[in-house]
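Single chain ahead, by itself, as structure tokens, in the form predicted alone.
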């Protein structure tokens, strides 16, 4: 979808490696490869005779590297390129360095201590840097009212998400590590990202790109209505994170209402984009369309999961993992690669398209295996090997992309 919109006006340094936005994406893609390799290790550990690891500790390393190393750095890069004037981008360099130190620290400490003093210290360091980033971006951004509203909601959700990890230490100290409260703290962090920071930031960036063509008042109104519906939905859909506890019927109703509100907001957001030109890179159009379709699927699945009859399936471990990967890989990763191609951070070439195709096909195979096993359509004995093969394919597909960055 990004290819359908007019290009942003050029800013100083866009064509040079010295541009902080381009540099941030370079780091993001490197961390993504690291997270993918950790994913291979996790999958291999489930094979007969595979490496014996502290699975939970390495899973924390994998997820934090993916979330904070890839997604956060990718959003950092887009924020500088789309919202921040060129002459102010260098002001973010020291903050970015602190974040990379924090990610490296988490990658080094989570595998051997899980949530321990060192890993918590590094995650807290990143959290503090994220607060500074949000404050500085809000001060420096150049966005119209529609994009500004979505950006503000994204930053609020980013800051609110930190409450989840901050609560884990006190809960563990109180002996509540195995309690519902501990799990809900983790779910709150995921919810604030998956239903707040991630979608609102991506929507804000697309709205910002449309502003270069001039925003009609009706489209600006649609953008603000979209925010109201989706923000209300983001609050209400936290109820979906509690359905595994078997709550009263009204909690299911709240969860369903939240999902419906987000669907309404999504429709208003599409209306805010208005009629768009069909010109642009084919790869960008394909990735943008993939992200859009996965986003719509995510909203539909969320709404359907509030139906009590589907609660057991929605709470199945494999379905939960597939849902998280749908958003992370299908919505966010596809959008980040679309932006990278559109902004010239990745070369548009047959080899790059092939690597992207292999990556997303392997991701789709992994999703199908997880959901198929939960539904009883796939054979559980072959699942570990097939999932490991898909993880290897995704990691191998990322290697050339890291090497061909401009």
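Positions refer to the first chain, counted from 1. Bear in mind the structure is a predicted one, so any value in this text is a computation, not a measurement.
Missing here is the form predicted together with protoporphyrin IX containing FE; even so, the following discussion is about that form.
Residues of just one listed stretch (96-104, 323-331, 129-137, 297-305) have heavy atoms within 4.5 Å of protoporphyrin IX containing FE in the model of the complex: 323-331. The partner is absent here; in the model of the complex, the one residue of 28, 371, 352, 36 having a heavy atom within 4.5 Å of protoporphyrin IX containing FE is 36. In the model of the complex, every residue of the candidate spot (55, 66 and 71) has a heavy atom lying within 4.5 Å of protoporphyrin IX containing FE. Interface membership of residue 59, defined by any non-hydrogen atom within 4.5 Å of protoporphyrin IX containing FE in the model of the complex, is confirmed.
In the model of the complex, protoporphyrin IX containing FE sits within 4.5 Å of a heavy atom belonging to residue 190. Among heavy atoms of residue 346, none comes within 4.5 Å of protoporphyrin IX containing FE in the model of the complex. Protoporphyrin IX containing FE is not shown here, and in the model of the complex it never comes within 4.5 Å of any heavy atom of residue 360. Contacts to protoporphyrin IX containing FE in the model of the complex (heavy atom within 4.5 Å) from stretch 383-398: 391, 394.
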